[in-house]
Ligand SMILES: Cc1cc2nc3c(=O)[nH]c(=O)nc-3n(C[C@H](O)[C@H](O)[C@H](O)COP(=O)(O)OP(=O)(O)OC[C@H]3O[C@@H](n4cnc5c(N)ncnc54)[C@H](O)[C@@H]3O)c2cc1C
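The data below hold one chain only, encoded as structure tokens and taken in the form predicted alone.
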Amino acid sequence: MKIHKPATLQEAAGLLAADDSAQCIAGGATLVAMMNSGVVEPSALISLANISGLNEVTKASDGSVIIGAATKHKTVAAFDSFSGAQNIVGIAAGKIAHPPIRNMGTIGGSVAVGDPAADYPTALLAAEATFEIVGPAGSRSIPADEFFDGFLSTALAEAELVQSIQLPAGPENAVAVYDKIAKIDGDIAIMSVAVVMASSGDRCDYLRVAVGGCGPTPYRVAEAEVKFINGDLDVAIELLVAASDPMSDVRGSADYRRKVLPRVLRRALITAQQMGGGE
């Protein structure tokens, strides 16, 4: 198998455009597993290892954080300059699989698959992240609520690649809770809930709730967030559950997911409320 080693993302995008059976590889945690199971059989591999700047996490002067697509999970989990809402991404990174996988896998490779049960998509949606994309036609930005557009599907066009992920500053006093249900420790989620909440005194005035593993994409319900802010926890949970569209798989049935989701939502929301000093 031929292995390309481009020096820039634009060069990598060009190689992808020239061979639609080729696959990019950074850490390889997802791709190698898919190759071993016969899900993909690439004609060539395009290594991103020689492209500078892809494996860095930096904090900008405006408080936003930029995560290069080839940044390993362990680096995201250990980054100590996240603040407020951004912490949800570091927490989720620390719950991915086990140390050997976190030492190898990259954030770009994980999100590009578009698996709604993976840890990053739910957290990135709650953090209101933006994806910076590079392709043969140039660069563009895609917000998280548009990036994941179907089961195992993203808004990436042909030969496009994730360059980086930007996390806005958000409220610095926000607390973050990531609650994940899995069959065994380190497994992919049966469902996940990411909560970012900021309070003034005993009142919540900022809330983002994302649910993963209970539909073809992770999702938020703005009306549910408003209901919670206005003090109606039960209605907020009802709306979030009503928006779910779970599937059955080897990890759990759709019925199981519907029954357990309200409990996970309640636990995550109350935990965030208690962390933030609310009632």
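Note that residue numbering follows the sequence shown and begins at 1. Please read these numbers as outputs of a predicted model, since none were measured by experiment.
Omitted from view is the form predicted together with this ligand, to which the following refers.
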{"property": "Partner-contacting position among 90, 135, 170, 105 - heavy atom within 4.5 Å of this ligand in the model of the complex", "result": "105"}
{"property": "Option touching this ligand, based on a heavy atom within 4.5 Å in the model of the complex, out of 207, 142, 118, 177", "result": "118"}
{"property": "In the model of the complex, segment of 59-67, 240-248, 29-37, 213-221 with a heavy atom within 4.5 Å of this ligand", "result": "29-37"}
{"property": "Residue 190, heavy atom within 4.5 angstroms of this ligand in the model of the complex", "result": "no"}
{"property": "Heavy atom of residue 84 within 4.5 Å of this ligand in the model of the complex", "result": "no"}
{"property": "Contact label in the model of the complex: residue 25 to this ligand, heavy atom within 4.5 Å", "result": "yes"}
{"property": "Interface membership of residue 126, this ligand in the model of the complex, 4.5 Å heavy atom rule", "result": "no"}
{"property": "Candidate site 95, 110 and 113: all three near this ligand in the model of the complex by heavy atom within 4.5 Å", "result": "yes"}
{"property": "Members of 151-175 lying within 4.5 angstroms of this ligand, judged by heavy atom, in the model of the complex", "result": "156, 160, 161, 162"}
